[in-house]
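A lone chain, given as structure tokens: the form predicted on its own.
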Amino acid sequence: MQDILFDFISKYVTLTEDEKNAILSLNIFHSVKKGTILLKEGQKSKESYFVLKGCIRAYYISDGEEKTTSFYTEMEGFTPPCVVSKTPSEYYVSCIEDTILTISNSDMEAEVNSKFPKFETICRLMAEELLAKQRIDFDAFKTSSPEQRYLNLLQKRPDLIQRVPQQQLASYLGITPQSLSRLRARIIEKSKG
């Protein structure tokens, strides 16, 4: 698993053996079973996640209904907003597949960054990329119809269609599961036409 992480990091910077050993000494690799809740609403946390294999979902509960805000799959990182704001979480974060991820905390990151300034560079570059991607995704979501959102998902993240339960996918798209079924049927009809 560490090789997957090191290959990913090598896209940003080259690590020395000392730097690799420093990462390994942190004991950040975790195998987590499907259905495990990593973070609950109201909980305080300093933990950030980076998915090596599997899928995690962020969601909140409104009027007894789960509202999915995002999915994170291979080579995607997620720092819940409560970590930055140091307030109780408004979200839940759970594994929707058996997942292998790195779990780090802000204290650990500060220590590593002070010993190896290169890591701060990696974190900054990844954060900038993620912020730009989220901005584009948010703008696309706000300006598109449910059908356009679904087609966009098919184009950019087709793996989610197979991996994520329909109810969670519908919630993520901002529609009901029934609407998602009708939308899929319409798209299939159009493609036959």
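Don't overthink the numbering: it's just position in the shown sequence, from 1. Just so we're clear, the structure is a prediction, and the values are computed from it rather than from any experiment.
Omitted from view is the form predicted together with another copy of the chain, to which the following refers.
**OP:** Just give me the single entry in 30, 67, 163, 46 that has a non-hydrogen atom within 4.5 angstroms of another copy of the chain in the predicted bound form.
**Re:** The residue from 30, 67, 163, 46 that makes the contact is 67.
Original post:
Of 40, 156, 124, 34, which residue is found within 4.5 angstroms of another copy of the chain in the predicted bound form when only non-hydrogen atoms are counted?
Top reply: It is 124 that has a heavy atom within 4.5 Å of the partner.
Original post:
Using heavy atoms and a 4.5 Å limit, would one call residue 91 a contact residue for another copy of the chain in the predicted bound form?
Top reply: Taking the distances in the predicted bound form, the answer for residue 91 is yes, it comes within 4.5 Å of another copy of the chain.
Subject >> is_contact(residue 137, another copy of the chain) in the predicted bound form, heavy atom dist at most 4.5 Å >> reply: Yes - in the predicted bound form, heavy atoms of residue 137 and another copy of the chain come within 4.5 Å of each other.
**OP:** Could you confirm whether residue 131 comes within 4.5 Å of another copy of the chain in the predicted bound form, counting heavy atoms only?
**Re:** Taking the distances in the predicted bound form, the answer for residue 131 is yes, it comes within 4.5 Å of another copy of the chain.
Original post:
Can you check whether residue 76 is within 4.5 Å of another copy of the chain in the predicted bound form, heavy atom basis?
Top reply: Output for residue 76 is no: heavy atoms all beyond 4.5 Å of another copy of the chain.
Original post:
Even though the chain is shown alone, can you say which residues of 80-114 have a heavy atom within 4.5 Å of another copy of the chain in the predicted bound form?
Top reply: The stretch touches the partner through 81, 84, 91, 113.
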